[in-house]
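Read the single chain below, which is given as structure tokens and is the form predicted alone.
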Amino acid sequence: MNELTADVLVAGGGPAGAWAAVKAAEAGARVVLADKGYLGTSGATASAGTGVWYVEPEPEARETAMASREGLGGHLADREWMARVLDQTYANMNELAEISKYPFPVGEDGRQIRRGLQGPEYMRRMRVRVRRAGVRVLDHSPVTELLADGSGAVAGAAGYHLRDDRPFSVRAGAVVLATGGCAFLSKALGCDVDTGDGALFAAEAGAELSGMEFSNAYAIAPAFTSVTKTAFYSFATFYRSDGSVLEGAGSRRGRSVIARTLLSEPVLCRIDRATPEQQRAMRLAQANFFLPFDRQGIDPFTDLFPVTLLAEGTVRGTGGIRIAGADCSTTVPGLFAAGDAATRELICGGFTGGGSHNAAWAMSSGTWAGRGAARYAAGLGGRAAARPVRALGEAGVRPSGPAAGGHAEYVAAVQAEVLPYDKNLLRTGDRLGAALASLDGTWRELRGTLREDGAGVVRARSAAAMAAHARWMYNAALARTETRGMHKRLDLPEQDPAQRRRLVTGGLDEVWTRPETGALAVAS
């Protein structure tokens, strides 16, 4: 066992984790960052370009920005949190320009255009900044469970060094979970590390989740690749296999039409509504979008190509660990959450697209969580390292019965209930209920027997996290008996004014969902 100590442990190395580590270190904390992959290259952001919710501090522009998504999100967002995120994102993007020297493009007026980031370059520079801040980085070292002291406060975490093939632990005054959302190993671009682990760790510590019904995000992708960048499909026309136009299909409001058609026949696409100037701009903005086409000799602007939909779950959904304070603290002392691991309902309600709000939330929540964790750890003084601790992991690491392997079987069982369009995207009460019953059975079996040795513990815990995530999703989806945001119930197609409230979910062996009635996370 490699035993380390720190003031703050950050679990996850995407943008939220990187910002949390930098800001905790700048606040004077000794910081360890443990990433499932390699900080700077793993995760959805590092794989492609992303827009950012960056708005100049002009009252009219800010008002327009906040109002633009409220209706789509079912009016569940909070204006104070939205304003905070706009302020923090503006500051962080300016830091990227001034401190990290990010090469933003320049407009005709000579000013930098700071509304987007190229993921590979963004995260390369964030890794440099993390290292320069004095953070100890553990690459290829996924966290597998949290540690807690006698009072239940989080006191660090344990994990596994994949390259060295040995376990490790970090005693810490506070922990920031920035492990990403859950895409259920659907092969969506950059999401192979996003299996919902942080939400499982948080629930084992007693934390709550929020917005888990908003978890049925699917991204359009060419059928021959995993590239899920969808912005350019707003310039596309979709066709049936016989060449006729698929009416109602689209990137923004017509994905369910695509899903229903894919259940019985292929769907073809052509990005045929982009002007030559727009085509050139697209290639400059998202070079990796076109790489699979170029390799296959396909011109997506003139040739038809088959498309599919890949599940992105809570990576592009809005549900996650419930935020209880302005510093992104949770309901568990010593535990903070940031990025896709945390709920984004506070700024998005029940709907978000790719990048934009998600990218802004990652850098903003990472900043607040890092500072908050550093402040919390400092308040412990010298007591943090001396606290007796216990490991909190259960399913996948400490089964309730005789141990056995088989994580792959459980992953397949979960995927069978969450990846099909007719269960997760095209929701009805009957379909959700049947899928949840199957998932409950999978959980009972997994909870009773699943445990694997060595590096297998990482895969076992990911399988457990996916099973837990799926059950939270469908439990909340059944509780929301209406259509709101991305949660669309075909059997209940109207929005119910009486259900304009957030839903809180929790539990592991027994999952529960209730309307949010306690104190809301205060923005300031």
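It should be emphasised that the depicted structure is a prediction, and the values quoted were computed from it without experimental measurement. Just count from 1 along the sequence shown to find any residue number.
Note that the form predicted in complex with a small molecule isn't included here; everything after this is about it.
Note that among 104-112, 373-381, 390-398, 179-187, the stretch whose heavy atoms approach the small molecule to within 4.5 Å in the model of the complex is 179-187.
Among the residues Leu432, Leu309, Ala236, Val193, the one placing a heavy atom within 4.5 Å of the small molecule in the model of the complex is Val193. Although the partner is absent here, Ala477 lies well away from the small molecule in the model of the complex, with no heavy atom inside 4.5 Å. Among residues of the shown chain, Ala148 is not one whose heavy atoms approach the small molecule to within 4.5 Å in the model of the complex. The closest non-hydrogen atom of Arg316 lies within 4.5 Å of the small molecule in the model of the complex.
Looking at Pro142, you'd find a heavy atom of it within 4.5 angstroms of the small molecule in the model of the complex.
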